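Just one chain is shown here, as structure tokens, and it is the form predicted alone.
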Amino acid sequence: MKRFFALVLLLALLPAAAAETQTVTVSQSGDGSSYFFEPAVLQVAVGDTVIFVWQNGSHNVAQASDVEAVSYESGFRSGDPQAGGNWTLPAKYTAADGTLEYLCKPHVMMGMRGSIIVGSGAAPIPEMALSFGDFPWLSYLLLLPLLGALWCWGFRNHPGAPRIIALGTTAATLLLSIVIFMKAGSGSGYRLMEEYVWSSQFGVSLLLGVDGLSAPMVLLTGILGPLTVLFAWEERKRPALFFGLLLVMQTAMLGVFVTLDYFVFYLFWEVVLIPMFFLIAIWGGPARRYAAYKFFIYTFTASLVMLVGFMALYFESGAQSFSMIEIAKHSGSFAPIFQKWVFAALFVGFAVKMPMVPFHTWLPDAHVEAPTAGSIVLAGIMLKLGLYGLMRAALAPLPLGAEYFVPVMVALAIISIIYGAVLSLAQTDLKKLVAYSSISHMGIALLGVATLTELGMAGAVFMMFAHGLLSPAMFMIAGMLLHQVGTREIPKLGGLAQKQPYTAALVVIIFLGSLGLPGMAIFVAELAVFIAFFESHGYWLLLPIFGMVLTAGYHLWALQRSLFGPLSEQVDVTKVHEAPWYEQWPMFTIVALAILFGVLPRLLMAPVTVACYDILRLMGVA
């Protein structure tokens, strides 16, 4: 029995006996010409104890984000500079493989920094929960609008049939997107996954899956589908081609949101451009061809830069796969300089699509010349592809690149918020005003991502969803006014509420929701982003807040000039009446949804927050 207890005690003490104590000397030369940690690079086993011993001079030990950082941001810290004594590194920092960079804050500019390599030195990549579905929900989601488009073109000789087919198809897609959103839930990892190998030699497959980041975007795309078809109900010019292009574009946008393969992601991304190009070029305004070509050249060129980044990730990872999940697992092996250059390439590709200043000049032209249905899709979903792509495709595999570009993202976000608001104030065309307001709102979303915090990123996704509802409603208002009085020029309008009181009530609610009225969805998003930004950047928050003051200004100015006051004498208002049902109902639906998610934000925040935490875990931030 004694031998048994001795054996148990020995086994219990084996881990403790295996752990060793390692010492790092903190010192400087006698004449103060050199400052150093000795050894500068320390290799330890997992579970070892590390003690820092001060020998000469006043120093401290503080963790650095990478080998180039010159300040302490988070992690371990010995406290204020001290002379003499010792300090033990908390055990949790040597409990797993990884590389710890640290510095002496007072003397880092003199080169006083060091590294601790724990175990293999590779940071463990958190395993994502992968759940393959027992029914191909996502495949049907992609196929349904495509089949509807073919059906529309098959009835091209029946002018009334394509719109009915398109409405039925988008309604079925909406039901499917609701099912997918509910099945995705708020759990960690990817759900409803499907994989269809395309080219095993190159590692390309149709890998589909949704999580709390993509499921809300799928739902948003499903919601806007039938609303867009309804608002374009009276389209008479080549209706089969018009509604068919809307359905093809819906398939491509859904493909971007559910694809987890870089190569297929790029294919869907490019396919989105083609239907929008033709919608602008064929059904657009007087300068439609110029706007269509400018839209295509800007976005296609940026896409090629993005493709270079994707190929760099593929070759550098050595994963022999374009899977986003597999490539993210190799992020720890990517050199800092590689991460910075590739993140820059991806950021340029995504920033043009958002769009951020100075890549924004294609947007006002595209919006002004596009038909109302095209503007609804462009503002509601296409602008979200850029920020979604940044979060899905760039953050997890390139964490050091993302951290390095945080100041750039913050600067561009704040400039876009203020610049977009100032330009909106200067507009007389209501549609151009809404176009510039989209730049300002998407700047808020980028600001949330730039915080690299759970709350900020969740607020960014919420902003994408909320703006994806209310910005299309603003374009519906511009389209409705054009149909009613033949102009969108704000100075020529006035007093229209007297002629269409019920429609005017919807317009007022939409305008107030877009400027961030409490109780509606955009307010929740702005509040989350601004709280997160204040926690990470302090009183720099005053700059985007100033942008919100301008936002309220141009919304209220446009609302007052167009709806209230005496009836305009510059346009014929004798035939102005309530908007027809196919214009009123889409606006009413959006108002109801904006209030629903504004009053019950948890419906969206619960899954989104978990997905953002997953991204931060993969980045090693959370």
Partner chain sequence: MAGVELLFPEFLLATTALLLPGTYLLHRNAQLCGRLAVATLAVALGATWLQWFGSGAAVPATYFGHLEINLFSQLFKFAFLAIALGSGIVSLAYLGDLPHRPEFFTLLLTATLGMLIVASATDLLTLFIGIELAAFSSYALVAFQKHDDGSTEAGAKYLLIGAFSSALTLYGISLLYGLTGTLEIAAIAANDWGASFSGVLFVAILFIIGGLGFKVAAVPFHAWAPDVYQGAPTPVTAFLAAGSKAMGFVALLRIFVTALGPALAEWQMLLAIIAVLTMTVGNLAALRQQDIGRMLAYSSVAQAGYILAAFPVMTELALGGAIFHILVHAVMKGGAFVIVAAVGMAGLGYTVESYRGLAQRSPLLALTLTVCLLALVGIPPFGGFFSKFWLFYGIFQAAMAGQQWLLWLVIAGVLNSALSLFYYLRVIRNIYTEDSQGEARPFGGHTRYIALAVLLLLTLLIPLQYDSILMLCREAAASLL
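Numbering follows the first chain given and starts at 1. Predicted model, so just to flag it, every value in this text is computed and none were measured.
Same protein, other form: the form predicted in complex with the partner chain, not shown, and the subject of what follows.
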query: Want to guess which of 430-438, 291-299, 483-491, 69-77 is within 4.5 Å of the partner chain in the predicted complex, heavy atoms only?
result: 291-299
statement: Checking M110, I531, A312, A172 against the partner chain in the predicted complex, the residue with a non-hydrogen atom inside 4.5 angstroms turns out to be A312
- request: Quick one: from V357, I414, V204, I165, grab the residue that has a heavy atom within 4.5 Å of the partner chain in the predicted complex.
  value: V204
task: Determine whether any heavy atom of V179 comes within 4.5 Å of a heavy atom of the partner chain in the predicted complex, and answer yes or no.
output: no
- prompt: Is Y266 close to the partner chain in the predicted complex, meaning a heavy atom pair under 4.5 Å apart or at it?
  reply: yes
query: Does at least one non-hydrogen atom of I117 fall within 4.5 angstroms of the partner chain in the predicted complex?
result: no
message: Can you tell me whether F277 touches the partner chain? I mean in the predicted complex, with a 4.5 angstroms heavy atom cut-off.
response: yes
field: Heavy atom of each of W198, L304 and F322 within 4.5 Å of the partner chain in the predicted complex
entry: yes
field: Partner contacts for 324-342, taking the partner chain in the predicted complex and a 4.5 Å heavy atom cut-off
entry: F338
